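Only one chain is shown below, in structure tokens, and it's the form predicted on its own.
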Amino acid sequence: MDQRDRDLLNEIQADFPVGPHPYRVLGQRLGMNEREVLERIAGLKQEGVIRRLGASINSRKVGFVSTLLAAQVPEKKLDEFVAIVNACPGVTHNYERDHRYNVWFTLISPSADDKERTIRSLVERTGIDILELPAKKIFKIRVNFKF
């Protein structure tokens, strides 16, 4: 990763342009052409530096509900459990932890009823009880890594 990649990452995180040609705009800001920007982003994605490009939307403001879930998954069922959870629409993060509850994941659903249905379905499909840890208060932070 060279300085141009670092500059591009900083720009993408802090001020991604919204418009018909965002990569051209990024290039103009950074002294690159659109093709170079796209190639650099593709390379950074391939290297695993960039996981995804997309908007962060406040799900509550658009009527969705979210929750943190945890499960105690036996080692022999871990891969199967994780595959089922990861295939579930609305699961945004999934982590294995060194804890009695060794799998923690987040779920965003269009309604409380849909959230409950999804949790019940996961329990039925996996045979694993799932603990819900709903947020009492949201403390949202913005993190930009300075490269």
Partner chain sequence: MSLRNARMTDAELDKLDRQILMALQGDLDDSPEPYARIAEALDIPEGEVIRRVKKMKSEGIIRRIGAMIRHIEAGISFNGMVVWRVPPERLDEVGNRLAEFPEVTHCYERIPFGDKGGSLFTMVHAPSREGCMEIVRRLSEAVEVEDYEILFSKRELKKVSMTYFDEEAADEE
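Take the two forms, find the largest set of C-alpha atoms that superpose within 1.5 Å, and that set is the rigid core. Positions refer to the first chain, counted from 1. If you're wondering where the values come from, they're calculated on a predicted model, not measured in any experiment.
Absent from the display: the form predicted together with the partner chain. The rest refers to it.
In the model of the complex, N94 approaches the partner chain with a heavy atom inside 4.5 Å. Proximity of R125 to the partner chain in the model of the complex: non-hydrogen atoms within 4.5 Å are absent; the residue sits far from the partner. The partner chain is not shown here, but in the model of the complex it comes within 4.5 Å of a heavy atom of E34. In the model of the complex, none of the heavy atoms of S111 sits within 4.5 Å of a heavy atom of the partner chain.
Taking a 4.5 Å heavy atom cutoff to the partner chain in the model of the complex, the contacting residues in 54-70 are G54, A55, S56, I57, N58, S59, R60, K61, V62, F64, L68. Taking 2 Å as the criterion, R120 does not count as shifted between the shown form and the other one: its C-alpha moves by less than this amount when the rigid core is aligned. G43 is among the residues whose C-alpha shifts by 2 Å or more between the shown form and the other one once the rigid core is aligned.
Positional change of R97 between the shown form and the other one stays under 2 Å at the C-alpha, relative to the superposed core. In the model of the complex, the separation between the C-alpha atoms of G43 and V82 grows by 3 Å or more relative to the displayed form.
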